[in-house]
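A single chain comes next, written as structure tokens; it is the form predicted alone.
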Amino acid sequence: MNLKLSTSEENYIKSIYHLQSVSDIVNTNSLAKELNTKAASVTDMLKKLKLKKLIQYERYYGFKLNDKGTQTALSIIRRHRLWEYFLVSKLGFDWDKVHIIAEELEHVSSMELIKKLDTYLGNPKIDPHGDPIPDVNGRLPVIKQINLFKLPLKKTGIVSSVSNQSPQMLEMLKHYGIRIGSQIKINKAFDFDRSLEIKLSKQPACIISEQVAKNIFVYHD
């Protein structure tokens, strides 16, 4: 994609994409909150993105990415997730340390560099947090997964992704030994507070809270 965008413009486009995954139409206030900025600044940026034909925007109504904007967002996300994969798999970073670094690297937009990076990494389908990596055409691989709460008792699942990827959550999961690819089984579900006793392979059983469990997704046959 040859469109030249500033770092700020790319951040706006990516944020709109993520907000759209929750609500089809995004409003100024929700985007301002997401980016921790003022509504007036959002309005100014939306005018720029509309001029570059990346969004559908009607004042007082809302806005969303058009096809060109969506492809741009997916290209940014692709770069971000490939860099996260590189940082973890090749440089040995912990998965709770890579997001901020990848936020900077994602703005390096050389298509040749990203193509070579993808090939070097073996064309990975998911990043270190289990999120799908868009391919060069912006297609997202389909990941069939269920929330940990839906895993039948005593059945083994494979941890596939984590929805809350804050450093605090990832640090807690690392403490429990839970990572992408971990084999996990629910020994017991407690009605009192919806906590779960889980068993990971080669580790003693432990109890995790509902708040932690609801953010864990697994593959299950």
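Quick note: we count residues from 1 along the sequence shown, nothing fancier. Bear in mind the structure is a predicted one, so any value in this text is a computation, not a measurement.
Beyond what is shown, the protein has a form predicted in complex with the DNA; the following relates to that form.
Contact between Ser41 and the DNA in the predicted complex is found at the 4.5 Å heavy atom cutoff. Under a 4.5 angstroms non-hydrogen atom cutoff, the DNA in the predicted complex lacks Phe192 among its neighbouring residues. By the criterion of a heavy atom within 4.5 Å, Lys48 is counted among the residues contacting the DNA in the predicted complex.
None of the heavy atoms of Tyr176 is located within 4.5 Å of the DNA in the predicted complex. Asn27 is the sole member of Asn27, Thr156, Thr70, Ser160 with a non-hydrogen atom lying within 4.5 angstroms of the DNA in the predicted complex. Note on the partner interface in the predicted complex: the residue among Arg59, Lys188, Lys53, Lys33 having a heavy atom within 4.5 angstroms of the DNA is Arg59. Residue heavy atoms within 4.5 Å of the DNA in the predicted complex occur in exactly one stretch of 192-200, 168-176, 148-156, 33-41, and that stretch is 33-41.
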